[in-house]
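Next up: just one chain, as structure tokens, the form predicted alone.
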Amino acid sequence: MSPEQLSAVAMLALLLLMVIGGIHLAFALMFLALIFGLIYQGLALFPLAMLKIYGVMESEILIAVPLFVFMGTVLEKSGVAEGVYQSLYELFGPVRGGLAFATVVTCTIFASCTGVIAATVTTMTLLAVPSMLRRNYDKGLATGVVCAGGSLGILIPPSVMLVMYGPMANLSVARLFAAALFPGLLLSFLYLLYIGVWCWIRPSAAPAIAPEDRKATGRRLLLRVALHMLPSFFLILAVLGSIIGGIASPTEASGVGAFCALIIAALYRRLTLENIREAAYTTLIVTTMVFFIIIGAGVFNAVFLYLGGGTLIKNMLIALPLGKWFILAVMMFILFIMGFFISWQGLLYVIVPIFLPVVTSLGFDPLWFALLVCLNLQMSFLTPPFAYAIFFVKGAAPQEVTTWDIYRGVVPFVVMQALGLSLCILFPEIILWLPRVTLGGG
């Protein structure tokens, strides 16, 4: 190993230590890129950094990031989730685990309308967790359902993760959206399956609601469910339908989605100046964080590759025994372990670009691998210490819910996520079928 490659390894080790030590990922990336870049590249680092910044700023597809965040934030304030949850609450309530079923279904629908998890997890914590606790649901199940279901928003399109992955890996975001739909629904189904099995084994963990809690029954209830679902389906059709149908690009569809979210908020009488101001502020904060990480990771990776770090890791992975499937398993394991310590943005822009040449040389489909990565990164939202979903739930849940309750509750859902990842590896058509039949290609 050359001195330069040793320095590249030191860059990764120091990055991990700095993030664990509490330094924001974007600033850790920029600091290390600056120090090692000046040592080995000198002042040539600064033109390189300017080119990276310019490349990010001129990217048309990344315009979709703030628009999808704004869309999700406006929708959170519109009251759509409350209406959907209340109607599903009454529909599934008479069944054991009915409120948990309603929570997962609501999260799945809301995930198809937002693209970010903060809005979904926080909203569903406020709506669903108190309702379940009042009916003596197990605290772990109540919080685990919200953590896992709320995190679907980062996988089910329109997902900000997919919007960011596309330009980084030179993949069509429209194809990524189409490829992500069935894996996201698969995870939702596995969550529902786990809830059903667990409630059958332990009926006391999720009792049914009393008949008097149902405000409507029969046709009236079905009509209430349909009416509350209508705005969500309208938004899903406007965004995903236009992208998968080839009518609009993801960037154009994000603008349509933001406009439709404003219309829905107006119909629910929530389109106030204060709500728009809060949505714009949230969009500014999230977008700034995302773009700082993208720029920092771009410069970091440029220096890392210049030092030969990419070649070193590629050679080490290719040299592993037992063939390409074992190498794929090692890459998935590395992503899973790193997800305990580094946010999904960091893994997406630091680790994945190092893996991509290996994936190409092994002959794996880049689109299929992209969705395996995104499925893997789902687990990072539920695995402490840096588990965003757990933090959001803990911050919004009643005081009686402890952090240990949440940790205990998310473990089975991490297992379900690992099972979903394994199924997509064993049956690639779960990922590849929809983009092939809707958008063409291999």
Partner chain sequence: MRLVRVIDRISQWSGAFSAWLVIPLMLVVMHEVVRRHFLNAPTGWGYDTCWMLYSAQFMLGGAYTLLKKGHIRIDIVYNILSPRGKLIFDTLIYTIFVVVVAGFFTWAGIKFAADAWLSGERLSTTNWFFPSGPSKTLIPLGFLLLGLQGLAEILRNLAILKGGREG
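Just so it is clear, the model here is predicted, and its values are computed rather than measured. Numbering follows the first chain given and starts at 1.
Omitted here: the form predicted together with the partner chain. The next part is about that form.
By the criterion of a heavy atom within 4.5 Å, L51 is counted among the residues contacting the partner chain in the predicted bound form. Interface membership of W325, defined by any non-hydrogen atom within 4.5 Å of the partner chain in the predicted bound form, is ruled out. The shortest heavy atom separation between F31 and the partner chain in the predicted bound form is within 4.5 Å. Within this chain, I247 lines the site of the partner chain in the predicted bound form, having a heavy atom no more than 4.5 Å away.
Heavy atoms within 4.5 Å of the partner chain in the predicted bound form map, among the stretches 197-205, 273-281, 313-321, 121-129, onto 273-281 alone. Among the residues F355, F341, Y306, Y165, the one placing a heavy atom within 4.5 Å of the partner chain in the predicted bound form is F341.
Residue-level contacts in the predicted bound form: of N376, T383, Q41, S59, one residue has a heavy atom within 4.5 Å of the partner chain, and it is S59. Taking the partner from elsewhere, every residue among F27, T251 and M289 has a non-hydrogen atom within 4.5 angstroms of the partner chain in the predicted bound form.
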